[in-house]
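Two versions of one and the same chain are coming, encoded as C-alpha cells; call them structure 1 and structure 2.
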Structure 1
C-alpha cells in the first residue's frame, strides 16, 4: 500500500484563455510508513499536489492511487469511496481559516470523528484529546474558532485532522505562524504519530525541519519532480537553483570541512549532532 502518482498533470482554468498548468506529468511514489517532505519554490505546485491526495482535486490527466482508491480525471463528485478516503487521508490546509466553520472550537474539532460515525460523547472526547496535543487547554473549548489568533487557528485546524487519527497525515506548511517552541512540539508530535505507524506528508519551506525529521524528500520545480532522495543525501548537493537553501547545520558543516574538519553528514540531523561532530572533529 502506498500513494502513487502516474503521469499526473493538473491544469487550473483549463478551458479559458489563460490556463495554468500547475502539475506536469508527475510520477512519484510516497511509501507507506515514510515521513515525506515536499519542498520547492513558491508556486511550484506543492499545495496543488497534496489536494490530490484526498481527491479535493482530480488530475486533468493521469492517475493518483491512494492505496486502493483511484483518483483520475472526471471523477464523479458523489463517489461512495470518497468518505472512506477522507477518513484515511487527513489534510491540513496551508491557510487554516478555510478549514474552520463550527461555532465553537470543540465542535469544530469533533466534527470529523462525528462525521465518521462516533457518538457525540466519543467525538468530544477525541476533540479534547486532540486539542490538548496541539497545546490548547479547556479555556478554548467554547470559544469561536474565528475569534482567536492566527497561530491558535492553525492549532485548531490541526486538531480537527489529528482527532481522526488518519493513516495518511498531510500537512501543508503546518509550522507557519506557530511560535518556535510550538513548531518544535508539533514536529515531535508528528514524529510520534509516524512512529505509531502513520505516514506523514509535510509541505514546508523550512529546510531544517526536512533534515531534522523527514525520511524522504521530493523537490518540485515548475510542476515537475526535480529531485528525490534521503534528506542527508539531497542536501549534500547545491539546491539553490530551486530557490531552496542548504539547512543551516549542513551549511556550517561545509564551511568547517573546507578548514579540514571531518564530519559524517549521514548522521547530521540536529544541532546537537553538529556540536558533537565538531567536538570530535577537533580531537
Structure 2
C-alpha cells in the first residue's frame, strides 16, 4: 500500500476574481515504509499537499489515494467516513505545542484516543505508552503542559498524535524554533518511529535534515513536482535554482573536491560519513 496523488490540482478561492492555484497536476507516490521529505521554497505548495492526506482539503481536480481511502474532487467518489483515515494519518503542524489545552499532560495526550472512541482506561494506557516513546516518563503525567520547556511541549504534542498509532506520520517543520541539540533529539525520535514501522513524511526547509535522515525526496516548485529521487542524488547537483541550500556536508565535500580530494558523495549523510570519506580520499 502507499499514498498516491493522481493529477491533483488545488485552487484557493475558486470562482472568485483572484483564484490562487497552489497545486498543479501533481502526480507522485509515497511508498509505505519510506522516510520521505517534501521540500521547496516558501509558497511552493508543500503544506497544501499534506493537508490532502487526511482530507482537511479536497482536490479541486484529481484524486488522492491513501491506501484504499479515496480523497477525490468529486463528492460522489470520496470516502465519506473520515475517522479511519484520521486514525491512519497523523498530522503534526508547525509549533504543535500551541494546541495543548488540557490541565495535565496525560489528559492532553489521551484526548485523541478518547475522541476516537476509546475508554478512559484504554486512552490513558495509550497516552502513557506514547509519552514513554517520546522520552517523557511518569513524572510528567500529572504535570501541566504549560509548565514545561518548549522542547518538552513539542514532545507532548507529538505524543498526542502517536497515541492514535498512525500508520503515516506527517510532520511540518518539526524542528522550527528548537536549538541544534533539541532538533537532533527530535529527529532521532522520528527515526525510531520510522524503524518501528511508520511511514514518515517530513516537510522542512532544513536540507541537513533531509540528507541525514530521509530515504526519498520530492522537490516542489510553483505547485508542481520539479524533482524526485534520493537525497544524495539531489544534492549532488545545483539546487539553488529551487531556492534550496546545499547541506553543509555536501558543500564542504564540493570544496574538498576542488582542492583535489576524491569524495564519494553517494555515501555522505552524516558528519561521520564525511570524515571517513576524507580519510579514504587521502589514501
Partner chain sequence: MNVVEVKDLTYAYTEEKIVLNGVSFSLEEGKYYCLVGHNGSGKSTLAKCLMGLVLRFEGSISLFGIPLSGKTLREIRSHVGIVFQNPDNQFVGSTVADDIAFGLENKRVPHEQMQGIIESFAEKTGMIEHLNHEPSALSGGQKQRVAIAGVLAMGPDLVILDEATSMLDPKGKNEILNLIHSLRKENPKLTILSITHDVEEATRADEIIVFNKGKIILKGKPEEVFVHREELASIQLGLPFFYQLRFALEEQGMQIPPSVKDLESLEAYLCR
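We call the rigid core whatever largest set of C-alpha positions still superposes within 1.5 Å between the two forms. None of these values were measured; they are calculated from a predicted model. Positions refer to the first chain, counted from 1.
Each of the two structures shows the same chain on its own, and it is structure 2 that derives from the form predicted on its own. Put simply, the smaller rigid part swings 21 degrees relative to the larger one between the two structures, by C-alpha superposition. For residue 101, the Cα shift between the two structures is 4.6 Å when the rigid core is held fixed in the overlay. Relative displacement of the residue 124 Cα between the two structures on rigid core alignment is 2.8 Å.
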